[in-house]
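Before any questions on how it binds or moves, here is one chain, the form predicted on its own, in structure tokens.
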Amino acid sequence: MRRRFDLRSVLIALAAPVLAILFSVVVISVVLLAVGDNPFDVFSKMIEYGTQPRTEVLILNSATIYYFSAVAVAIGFKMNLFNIGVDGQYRLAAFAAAVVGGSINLPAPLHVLVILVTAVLVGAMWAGIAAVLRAYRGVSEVISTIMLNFIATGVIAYLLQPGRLAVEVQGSNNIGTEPIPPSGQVPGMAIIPGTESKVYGLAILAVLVGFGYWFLLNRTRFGFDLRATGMSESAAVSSGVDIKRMIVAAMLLSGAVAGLVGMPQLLGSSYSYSLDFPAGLGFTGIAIALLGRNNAVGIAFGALLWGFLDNSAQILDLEGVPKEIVTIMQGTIVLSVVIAYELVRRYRLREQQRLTGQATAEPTGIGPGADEREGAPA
């Protein structure tokens, strides 16, 4: 009986993201039919292209970056904190890490470690500003982190200029920080047969971060306090939790993970922070965290799905289908996942009420007439 109940719980948990994805497929099919394209042909081409070895590498690389971003957002979500500033935190962290990495020359492991620690500290520091404002001045973290995103953009634009911290990138009109020497680079992993492309070496770090996130939330007192505060601040206060301390700690931890978002790209591909460094990854993380319901494994599947959609969309232009179809699909998933989770939540609540009602209605063998019902002699 217990095993059936656990299986049912798993199926219910999977229902929301599956419903959201199916609904988005239906919506996209309608859109494709409206513009005269065959949905089955479009989806089959995306799947065919997405399963090619080189594309699989690109999907894993994108998923690695998205995973860091989504975990950073999820940490805040667990506390009912909306860290909209992941975008500014990771870009400022990547810029600072690139400057430090390009200005020093250390043995390989130590050089990489210094760059990663710099990114983590800068990301945590930038998120800490919003944390202090929320905890001690009551300023909404949504407003403060959005403003900090703009400030981070301005700071980077000011410093990323020739004569300050930028140099010209050879062979182009681009400018960026001093290149990071080989000792500070993380080599890729050739784990996909059939292609010379390599998966980011920091994909291993993403796995470790995911495990650490799960362990922190489910196996530590801090994680329990974090989840309890997110569920009910009044109940957490009654049990002795310092809300202000938890707000600051959660935002610092979220910012620290956000600092890692740009590291796979910086240490595994570009080796410099330039004008074309990827932006907007923080907002992608919000969508993936919602899709994965802030669960370490769920976020991983969401990151892989997003990576597949982003990279398989490239084939659509070649086939004469606007690749914006994928953007519509991603947006539909984000909108429908919230509705799907609410429907599943209500269904689960009704099931719990039904099971509770059955349990209370079953005879307990206690009370008047119990002996007669059990066949005992009068």
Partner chain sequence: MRRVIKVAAIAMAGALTLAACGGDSDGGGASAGSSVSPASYKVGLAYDIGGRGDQSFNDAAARGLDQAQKEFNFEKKELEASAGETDAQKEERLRLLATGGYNPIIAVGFAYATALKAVSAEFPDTSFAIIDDASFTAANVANLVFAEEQGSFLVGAIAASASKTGNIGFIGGVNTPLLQKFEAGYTQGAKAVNADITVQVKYLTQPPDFTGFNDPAKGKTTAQGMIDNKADVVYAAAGGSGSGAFEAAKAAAGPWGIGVDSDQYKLPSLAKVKDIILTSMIKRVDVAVYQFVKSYNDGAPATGIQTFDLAKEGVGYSTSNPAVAEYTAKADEFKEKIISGEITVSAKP
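For clarity, every value in this text was computed on a predicted model and none was experimentally measured. Numbering follows the first chain given and starts at 1.
One more form of this protein should be noted, the form predicted in complex with the partner chain, which is absent from this view; the next part is about it.
Item to complete: Only one of D276, E178, E233, D242 comes within 4.5 Å of the partner chain in the predicted bound form by heavy atoms, so just point that one out.
Response: Comparing distances to the partner chain in the predicted bound form, the residue within 4.5 Å is D276.
Discussion item. I need to confirm a contact call. Of E351, E342, D41, E48, which residue comes within 4.5 Å of the partner chain in the predicted bound form, counting heavy atoms only?
Written reply: Contact check passes for E342.
Worksheet entry | Stretch in contact, per heavy atom within 4.5 angstroms of the partner chain in the predicted bound form, of 76 to 84, 210 to 218, 100 to 108, 296 to 304 | It is the stretch 76 to 84.
Discussion item. In the predicted bound form, is there a heavy atom of the partner chain that lies within 4.5 Å of any heavy atom of T118, even though the partner is absent here?
Written reply: No - in the predicted bound form, heavy atoms of T118 and the partner chain never come within 4.5 Å of each other.
Worksheet item: Given that the partner is absent here, does Q185 sit within 4.5 Å of the partner chain in the predicted bound form, heavy atoms only?
Response: Answer no; every heavy atom of Q185 is more than 4.5 Å from the partner chain in the predicted bound form.
Discussion item. Under a 4.5 Å heavy atom criterion, is L33 part of the interface with the partner chain in the predicted bound form?
Written reply: Although the partner chain is absent here, L33 would stay clear of it in the predicted bound form, with no heavy atoms inside 4.5 Å.
Worksheet entry | Proximity of V26 to the partner chain in the predicted bound form, heavy atoms at 4.5 Å | Because no heavy atom of V26 falls inside 4.5 Å of the partner chain in the predicted bound form, the answer is no.
Worksheet item: From first to last in sequence, which residues of 171 to 200 have any non-hydrogen atom within 4.5 angstroms of the partner chain in the predicted bound form?
Response: Read in sequence order, the residues that approach the partner chain (within 4.5 Å, in the predicted bound form) are G171, S172, N173, N174, I175.
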